[in-house]
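Just the one chain here, the form predicted alone, laid out as C-alpha coordinates.
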Amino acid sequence: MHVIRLEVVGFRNITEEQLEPSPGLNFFYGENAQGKTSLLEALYVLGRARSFRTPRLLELIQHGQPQALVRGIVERRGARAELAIQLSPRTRALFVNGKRRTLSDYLGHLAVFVCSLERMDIIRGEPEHRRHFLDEGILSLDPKYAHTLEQYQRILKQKNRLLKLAAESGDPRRFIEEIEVWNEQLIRYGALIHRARIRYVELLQRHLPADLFGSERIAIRYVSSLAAHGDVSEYETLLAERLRVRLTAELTIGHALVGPHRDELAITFDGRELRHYGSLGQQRSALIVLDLAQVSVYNSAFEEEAVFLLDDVDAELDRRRIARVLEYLHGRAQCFLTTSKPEIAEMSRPQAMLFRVEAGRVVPTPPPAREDEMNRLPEQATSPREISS
(Lines give C-alpha, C1' and ligand atoms only; values in the text may rest on other atoms or scores of the structure.)
Protein backbone atom coordinates (compact mmCIF):
# COMPACT_ATOMS: atom_id res chain seq x y z
CA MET A 1 0.00 0.00 0.00
CA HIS A 2 1.29 3.45 -0.83
CA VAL A 3 0.17 6.92 -1.85
CA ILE A 4 1.08 7.65 -5.46
CA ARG A 5 -0.51 11.09 -5.66
CA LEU A 6 -1.62 13.69 -3.11
CA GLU A 7 -3.67 16.83 -3.75
CA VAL A 8 -4.29 19.41 -1.01
CA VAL A 9 -6.50 22.49 -1.43
CA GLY A 10 -7.29 25.14 1.18
CA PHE A 11 -5.81 23.06 3.99
CA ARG A 12 -4.00 24.95 6.79
CA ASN A 13 -1.45 27.19 5.02
CA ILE A 14 -1.49 25.17 1.79
CA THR A 15 -3.58 26.98 -0.83
CA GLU A 16 -3.24 24.36 -3.53
CA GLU A 17 -0.60 21.70 -3.97
CA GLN A 18 -0.05 18.40 -5.72
CA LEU A 19 2.78 15.93 -5.39
CA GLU A 20 3.74 12.44 -6.44
CA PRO A 21 5.82 10.88 -3.67
CA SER A 22 8.20 7.97 -3.78
CA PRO A 23 6.76 4.60 -2.69
CA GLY A 24 9.66 4.39 -0.26
CA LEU A 25 11.17 7.30 1.66
CA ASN A 26 10.09 10.95 1.37
CA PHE A 27 11.56 13.96 3.17
CA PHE A 28 9.82 17.34 3.53
CA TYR A 29 12.36 19.95 4.59
CA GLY A 30 12.34 23.72 5.09
CA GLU A 31 12.06 26.41 7.72
CA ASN A 32 9.49 26.18 10.48
CA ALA A 33 5.86 27.19 9.85
CA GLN A 34 6.14 26.64 6.09
CA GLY A 35 3.68 23.73 5.83
CA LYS A 36 5.74 20.57 6.38
CA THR A 37 3.62 19.28 9.25
CA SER A 38 0.46 20.34 7.42
CA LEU A 39 1.37 17.94 4.61
CA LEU A 40 1.77 15.11 7.09
CA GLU A 41 -1.52 16.09 8.67
CA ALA A 42 -3.22 16.04 5.25
CA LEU A 43 -1.92 12.51 4.66
CA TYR A 44 -3.18 11.46 8.08
CA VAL A 45 -6.59 13.01 7.41
CA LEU A 46 -6.73 11.18 4.08
CA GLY A 47 -6.26 7.84 5.83
CA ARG A 48 -7.95 8.38 9.19
CA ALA A 49 -10.60 11.01 8.39
CA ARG A 50 -9.40 13.01 11.38
CA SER A 51 -6.39 15.08 12.42
CA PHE A 52 -3.65 14.07 14.84
CA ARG A 53 -3.29 17.73 15.88
CA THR A 54 -6.84 18.95 16.59
CA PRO A 55 -10.39 17.60 16.89
CA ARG A 56 -11.79 20.80 15.35
CA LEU A 57 -12.41 20.69 11.60
CA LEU A 58 -12.46 24.48 11.40
CA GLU A 59 -8.75 24.63 12.27
CA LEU A 60 -7.88 22.57 9.18
CA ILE A 61 -9.53 24.98 6.73
CA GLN A 62 -7.36 27.80 5.42
CA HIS A 63 -8.41 31.19 6.74
CA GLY A 64 -10.86 32.83 4.36
CA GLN A 65 -11.73 29.61 2.55
CA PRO A 66 -15.18 27.97 2.84
CA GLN A 67 -13.80 24.43 2.80
CA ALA A 68 -10.72 22.27 2.39
CA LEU A 69 -10.07 19.26 0.17
CA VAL A 70 -7.61 16.41 0.54
CA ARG A 71 -7.53 13.91 -2.29
CA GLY A 72 -5.18 11.06 -3.05
CA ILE A 73 -4.58 8.10 -5.31
CA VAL A 74 -3.69 5.00 -3.31
CA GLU A 75 -2.32 1.78 -4.73
CA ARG A 76 -2.92 -1.45 -2.85
CA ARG A 77 -2.01 -4.88 -4.18
CA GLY A 78 -1.92 -3.60 -7.73
CA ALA A 79 -5.32 -1.89 -7.56
CA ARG A 80 -5.78 1.88 -7.36
CA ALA A 81 -8.43 3.87 -5.52
CA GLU A 82 -9.13 7.59 -5.30
CA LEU A 83 -9.81 8.81 -1.77
CA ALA A 84 -11.14 12.27 -1.02
CA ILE A 85 -12.19 14.19 2.07
CA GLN A 86 -14.06 17.46 1.84
CA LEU A 87 -13.99 19.48 5.05
CA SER A 88 -16.35 22.29 5.98
CA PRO A 89 -16.46 24.06 9.37
CA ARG A 90 -19.01 21.61 10.78
CA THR A 91 -18.98 18.53 8.56
CA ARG A 92 -16.76 16.20 6.58
CA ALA A 93 -17.68 14.28 3.45
CA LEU A 94 -15.81 11.06 2.62
CA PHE A 95 -15.48 9.68 -0.91
CA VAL A 96 -14.00 6.53 -2.45
CA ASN A 97 -13.75 6.59 -6.24
CA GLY A 98 -16.17 9.49 -6.33
CA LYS A 99 -18.87 7.81 -4.24
CA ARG A 100 -19.74 9.09 -0.78
CA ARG A 101 -19.05 6.64 2.05
CA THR A 102 -19.72 6.26 5.75
CA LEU A 103 -16.75 6.37 8.11
CA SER A 104 -16.60 2.60 8.63
CA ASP A 105 -16.75 2.04 4.85
CA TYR A 106 -14.08 4.68 4.21
CA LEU A 107 -11.55 3.55 6.80
CA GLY A 108 -9.22 0.76 5.76
CA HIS A 109 -8.35 2.08 2.31
CA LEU A 110 -5.21 3.82 3.62
CA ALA A 111 -3.46 2.60 6.78
CA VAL A 112 -1.49 5.55 8.11
CA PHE A 113 0.40 5.89 11.39
CA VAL A 114 2.07 8.99 12.81
CA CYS A 115 4.73 9.83 15.35
CA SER A 116 4.77 13.45 16.48
CA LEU A 117 5.63 15.44 19.59
CA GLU A 118 1.99 16.53 19.57
CA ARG A 119 1.12 12.94 20.49
CA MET A 120 3.34 12.75 23.57
CA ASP A 121 0.17 12.67 25.67
CA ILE A 122 0.00 9.00 24.70
CA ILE A 123 2.97 8.49 27.00
CA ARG A 124 2.61 11.12 29.70
CA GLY A 125 -0.97 12.37 29.43
CA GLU A 126 -4.28 11.17 30.80
CA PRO A 127 -5.53 7.59 30.17
CA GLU A 128 -7.96 8.73 27.46
CA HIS A 129 -5.00 9.39 25.14
CA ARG A 130 -3.72 5.83 25.56
CA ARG A 131 -7.21 4.40 25.04
CA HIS A 132 -7.47 6.40 21.84
CA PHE A 133 -4.06 5.10 20.72
CA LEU A 134 -5.34 1.54 21.09
CA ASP A 135 -8.61 2.30 19.32
CA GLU A 136 -6.66 3.84 16.41
CA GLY A 137 -4.65 0.67 16.03
CA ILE A 138 -7.72 -1.56 16.18
CA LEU A 139 -9.39 0.54 13.49
CA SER A 140 -6.40 -0.04 11.20
CA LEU A 141 -7.12 -3.78 11.45
CA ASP A 142 -10.92 -3.65 11.62
CA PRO A 143 -12.62 -0.51 10.24
CA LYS A 144 -16.01 -1.83 11.41
CA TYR A 145 -14.79 -1.20 14.96
CA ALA A 146 -15.70 2.45 14.26
CA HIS A 147 -19.36 1.45 14.56
CA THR A 148 -18.73 -0.16 17.95
CA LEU A 149 -17.01 2.97 19.25
CA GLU A 150 -19.73 5.24 17.88
CA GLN A 151 -22.46 3.16 19.48
CA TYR A 152 -20.70 3.04 22.84
CA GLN A 153 -20.17 6.82 22.84
CA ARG A 154 -23.80 7.39 21.90
CA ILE A 155 -24.99 5.13 24.74
CA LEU A 156 -22.61 6.74 27.23
CA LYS A 157 -23.76 10.22 26.22
CA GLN A 158 -27.41 9.29 26.69
CA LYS A 159 -26.74 7.64 30.03
CA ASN A 160 -24.75 10.64 31.27
CA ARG A 161 -27.56 12.97 30.20
CA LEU A 162 -30.01 10.94 32.29
CA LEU A 163 -27.66 10.74 35.25
CA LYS A 164 -27.19 14.51 35.18
CA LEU A 165 -30.96 15.00 35.17
CA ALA A 166 -31.28 12.50 38.02
CA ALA A 167 -28.62 14.21 40.13
CA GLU A 168 -30.35 17.57 39.67
CA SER A 169 -33.85 16.22 40.40
CA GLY A 170 -35.57 15.76 43.71
CA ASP A 171 -36.23 12.08 43.00
CA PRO A 172 -33.24 10.50 41.20
CA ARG A 173 -34.54 6.94 41.61
CA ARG A 174 -37.35 7.53 39.15
CA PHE A 175 -34.67 7.47 36.40
CA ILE A 176 -33.41 4.00 37.32
CA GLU A 177 -35.56 2.00 34.91
CA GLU A 178 -34.50 4.07 31.89
CA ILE A 179 -30.84 4.04 32.96
CA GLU A 180 -30.91 0.25 33.24
CA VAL A 181 -32.05 0.04 29.61
CA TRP A 182 -28.98 2.02 28.57
CA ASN A 183 -26.81 -0.15 30.84
CA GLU A 184 -27.85 -3.27 28.92
CA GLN A 185 -26.52 -1.73 25.70
CA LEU A 186 -23.44 -0.42 27.47
CA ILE A 187 -22.62 -3.97 28.59
CA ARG A 188 -22.93 -5.28 25.03
CA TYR A 189 -20.70 -2.70 23.37
CA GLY A 190 -18.40 -2.31 26.37
CA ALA A 191 -17.56 -6.01 26.17
CA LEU A 192 -16.74 -5.71 22.46
CA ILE A 193 -14.38 -2.81 23.17
CA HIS A 194 -12.74 -4.58 26.10
CA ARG A 195 -12.01 -7.74 24.11
CA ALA A 196 -10.77 -5.83 21.06
CA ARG A 197 -8.34 -3.81 23.20
CA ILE A 198 -7.08 -6.87 25.06
CA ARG A 199 -6.33 -8.66 21.77
CA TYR A 200 -4.66 -5.61 20.28
CA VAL A 201 -2.39 -5.04 23.30
CA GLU A 202 -1.28 -8.67 23.05
CA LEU A 203 -0.40 -8.10 19.39
CA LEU A 204 1.44 -4.87 20.17
CA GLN A 205 3.48 -6.48 22.94
CA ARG A 206 4.49 -9.23 20.54
CA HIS A 207 5.68 -6.72 17.94
CA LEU A 208 7.48 -4.16 20.11
CA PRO A 209 10.90 -3.63 18.48
CA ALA A 210 13.52 -5.08 20.79
CA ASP A 211 16.71 -3.11 21.50
CA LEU A 212 15.91 -0.47 18.90
CA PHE A 213 17.45 2.29 20.99
CA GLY A 214 19.46 0.32 23.52
CA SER A 215 19.02 -2.23 26.25
CA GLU A 216 16.00 -0.62 27.95
CA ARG A 217 12.84 -2.64 27.38
CA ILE A 218 9.32 -1.31 26.96
CA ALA A 219 6.38 -3.39 28.10
CA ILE A 220 2.66 -2.67 27.94
CA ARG A 221 -0.38 -4.06 29.74
CA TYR A 222 -4.08 -3.36 29.44
CA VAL A 223 -5.55 -2.49 32.83
CA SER A 224 -9.31 -2.85 33.14
CA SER A 225 -10.97 -0.57 35.67
CA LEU A 226 -12.88 -3.68 36.78
CA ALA A 227 -9.81 -5.83 37.44
CA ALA A 228 -9.83 -5.24 41.20
CA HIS A 229 -13.44 -6.39 41.48
CA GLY A 230 -13.50 -9.81 39.87
CA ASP A 231 -12.61 -12.00 36.91
CA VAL A 232 -12.38 -9.85 33.76
CA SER A 233 -12.47 -12.97 31.58
CA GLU A 234 -16.19 -13.00 32.44
CA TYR A 235 -16.46 -9.37 31.41
CA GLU A 236 -20.19 -9.04 30.74
CA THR A 237 -21.08 -10.60 34.10
CA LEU A 238 -18.56 -8.48 35.98
CA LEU A 239 -19.58 -5.27 34.20
CA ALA A 240 -23.27 -5.90 34.92
CA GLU A 241 -22.49 -6.49 38.59
CA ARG A 242 -20.41 -3.32 38.92
CA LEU A 243 -23.09 -1.27 37.18
CA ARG A 244 -25.61 -2.48 39.79
CA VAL A 245 -23.25 -1.79 42.68
CA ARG A 246 -22.31 1.70 41.48
CA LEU A 247 -25.76 2.83 40.37
CA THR A 248 -26.49 4.84 43.54
CA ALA A 249 -23.13 6.61 43.28
CA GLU A 250 -23.72 7.40 39.60
CA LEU A 251 -27.13 8.87 40.40
CA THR A 252 -25.57 11.06 43.07
CA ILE A 253 -22.56 12.24 41.05
CA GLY A 254 -24.42 12.62 37.77
CA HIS A 255 -22.13 10.73 35.36
CA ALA A 256 -21.09 7.17 34.51
CA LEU A 257 -18.45 5.58 36.72
CA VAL A 258 -18.19 2.11 35.17
CA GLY A 259 -17.10 0.87 31.75
CA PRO A 260 -14.13 0.59 29.39
CA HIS A 261 -14.05 4.39 29.05
CA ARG A 262 -12.23 4.29 32.41
CA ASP A 263 -9.59 1.70 31.47
CA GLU A 264 -5.86 2.30 31.15
CA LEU A 265 -2.83 1.17 29.15
CA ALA A 266 0.16 0.74 31.45
CA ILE A 267 3.51 1.48 29.76
CA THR A 268 6.70 0.54 31.60
CA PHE A 269 10.38 1.04 30.81
CA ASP A 270 12.59 -1.58 32.46
CA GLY A 271 9.73 -2.33 34.84
CA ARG A 272 9.11 1.29 35.91
CA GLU A 273 6.01 3.25 34.98
CA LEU A 274 7.16 5.44 32.12
CA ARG A 275 4.59 8.16 32.68
CA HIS A 276 6.01 9.04 36.09
CA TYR A 277 9.62 7.83 36.08
CA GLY A 278 10.84 8.01 32.48
CA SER A 279 13.07 10.82 31.25
CA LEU A 280 11.92 12.94 28.33
CA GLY A 281 14.28 11.04 26.04
CA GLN A 282 12.95 7.70 27.23
CA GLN A 283 9.36 8.88 26.78
CA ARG A 284 10.07 10.03 23.22
CA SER A 285 11.80 6.76 22.41
CA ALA A 286 8.85 4.83 23.82
CA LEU A 287 6.40 6.74 21.64
CA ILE A 288 8.38 5.86 18.52
CA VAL A 289 8.67 2.22 19.57
CA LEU A 290 4.91 1.98 20.14
CA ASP A 291 4.18 3.62 16.78
CA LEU A 292 6.59 1.26 15.01
CA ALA A 293 4.90 -1.68 16.74
CA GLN A 294 1.57 -0.54 15.30
CA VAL A 295 3.10 -0.60 11.82
CA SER A 296 4.51 -4.07 12.43
CA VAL A 297 1.14 -5.38 13.66
CA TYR A 298 -0.47 -4.06 10.50
CA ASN A 299 2.26 -5.64 8.33
CA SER A 300 1.73 -8.99 10.03
CA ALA A 301 -2.06 -8.86 9.69
CA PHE A 302 -2.22 -7.87 6.02
CA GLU A 303 1.24 -8.74 4.66
CA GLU A 304 1.56 -5.32 3.07
CA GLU A 305 3.18 -1.98 3.76
CA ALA A 306 1.51 0.86 5.65
CA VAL A 307 2.18 4.61 5.53
CA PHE A 308 4.27 6.05 8.36
CA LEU A 309 4.62 9.76 9.20
CA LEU A 310 7.42 11.07 11.42
CA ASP A 311 7.28 14.79 12.18
CA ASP A 312 10.35 16.87 13.05
CA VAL A 313 12.60 13.85 12.96
CA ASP A 314 15.77 15.63 14.13
CA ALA A 315 14.00 16.92 17.24
CA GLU A 316 13.19 13.33 18.20
CA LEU A 317 16.32 11.47 17.18
CA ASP A 318 20.01 11.87 16.51
CA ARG A 319 21.41 10.70 13.17
CA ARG A 320 22.29 7.24 14.42
CA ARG A 321 18.76 6.69 15.71
CA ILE A 322 17.23 8.13 12.55
CA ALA A 323 19.20 5.57 10.57
CA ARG A 324 18.00 2.75 12.83
CA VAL A 325 14.35 3.79 12.52
CA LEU A 326 14.59 4.04 8.74
CA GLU A 327 16.29 0.66 8.60
CA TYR A 328 13.47 -0.83 10.68
CA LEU A 329 10.80 0.74 8.44
CA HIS A 330 12.42 -0.38 5.19
CA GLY A 331 9.97 -2.76 3.52
CA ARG A 332 7.36 -2.10 6.21
CA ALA A 333 6.07 1.35 5.25
CA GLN A 334 6.05 4.20 2.79
CA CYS A 335 7.63 6.92 4.93
CA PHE A 336 7.10 10.68 5.09
CA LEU A 337 9.44 12.62 7.39
CA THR A 338 9.88 16.32 8.11
CA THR A 339 12.95 18.26 9.18
CA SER A 340 14.04 21.89 9.35
CA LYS A 341 17.61 20.86 8.56
CA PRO A 342 18.40 20.23 4.88
CA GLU A 343 21.49 18.21 5.82
CA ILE A 344 19.27 15.65 7.61
CA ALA A 345 17.24 15.16 4.45
CA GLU A 346 20.38 15.05 2.30
CA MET A 347 21.67 12.24 4.46
CA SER A 348 19.03 9.96 2.93
CA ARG A 349 19.15 11.33 -0.61
CA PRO A 350 20.30 8.10 -2.32
CA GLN A 351 17.18 6.31 -1.04
CA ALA A 352 14.74 9.23 -0.61
CA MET A 353 12.71 11.73 -2.60
CA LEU A 354 13.26 15.23 -1.22
CA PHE A 355 10.71 18.06 -1.25
CA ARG A 356 11.51 21.60 -0.15
CA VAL A 357 8.50 23.27 1.50
CA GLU A 358 8.30 27.04 1.45
CA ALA A 359 5.27 29.24 2.20
CA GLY A 360 2.87 26.35 1.68
CA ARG A 361 4.42 25.34 -1.64
CA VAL A 362 6.24 22.10 -2.40
CA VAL A 363 9.27 21.99 -4.66
CA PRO A 364 10.79 18.58 -5.54
CA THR A 365 14.54 18.65 -5.10
CA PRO A 366 16.31 16.98 -8.04
CA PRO A 367 19.26 14.74 -7.24
CA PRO A 368 22.66 16.28 -7.84
CA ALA A 369 24.19 15.45 -11.20
CA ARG A 370 26.64 12.59 -11.08
CA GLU A 371 30.26 13.36 -11.83
CA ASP A 372 30.15 11.48 -15.14
CA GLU A 373 27.07 13.49 -16.18
CA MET A 374 28.79 16.75 -15.30
CA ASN A 375 31.76 15.77 -17.39
CA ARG A 376 29.52 15.16 -20.40
CA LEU A 377 27.64 18.47 -20.26
CA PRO A 378 30.22 20.67 -22.07
CA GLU A 379 30.63 18.08 -24.79
CA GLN A 380 26.86 17.89 -25.35
CA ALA A 381 26.61 21.68 -25.42
CA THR A 382 29.27 22.13 -28.12
CA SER A 383 28.18 19.22 -30.25
CA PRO A 384 25.59 21.15 -32.36
CA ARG A 385 28.10 23.86 -33.21
CA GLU A 386 30.64 21.27 -34.24
CA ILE A 387 28.09 19.63 -36.55
CA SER A 388 27.09 22.93 -38.16
CA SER A 389 30.71 23.83 -38.77
Partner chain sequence: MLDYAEAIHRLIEELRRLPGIGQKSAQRIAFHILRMNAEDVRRLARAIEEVKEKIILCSICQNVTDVDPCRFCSSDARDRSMICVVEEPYNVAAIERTREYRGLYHVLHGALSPIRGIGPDDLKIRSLLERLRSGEVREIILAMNPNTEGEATANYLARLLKPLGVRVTRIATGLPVGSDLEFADEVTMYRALVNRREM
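Residue numbers count along the first chain shown, from 1. All values reported here derive from a predicted model rather than from experimental measurement.
The same protein also exists as the form predicted in complex with the partner chain; that form is not shown, yet it is the one meant from here on.
Chemist: Tell me, out of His147, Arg100, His129, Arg244, which residue has a non-hydrogen atom within 4.5 angstroms of the partner chain in the model of the complex.
Modeler: Spelling it out, the residue with a heavy atom inside the cut-off is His147.
Chemist: Quick check on this chain: which one of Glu177, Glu168, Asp231, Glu303 has a heavy atom within 4.5 Å of the partner chain in the model of the complex?
Modeler: Going through each option in turn, the one that passes is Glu177.
Chemist: If we take heavy atoms and a 4.5 Å cut-off, which stretch out of 152-160, 70-78, 83-91, 272-280 is in contact with the partner chain in the model of the complex?
Modeler: This holds for exactly one stretch, 152-160.
Chemist: Hey, in the model of the complex, is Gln185 touching the partner chain, heavy atoms inside 4.5 Å?
Modeler: Flag for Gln185 set to yes.
Chemist: Using 4.5 Å between non-hydrogen atoms, is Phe213 touching the partner chain in the model of the complex?
Modeler: No, no contact at 4.5 Å.
Chemist: Hey, in the model of the complex, does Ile253 get a heavy atom within 4.5 angstroms of the partner chain?
Modeler: It does not: once the partner chain is placed as it appears in the model of the complex, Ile253 has no heavy atom within 4.5 Å of it.
Chemist: Although the partner chain is absent from this view, report whether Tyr189 comes within 4.5 Å of it in the model of the complex, heavy atoms only.
Modeler: Answer yes; at least one heavy atom of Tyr189 falls within 4.5 Å of the partner chain in the model of the complex.
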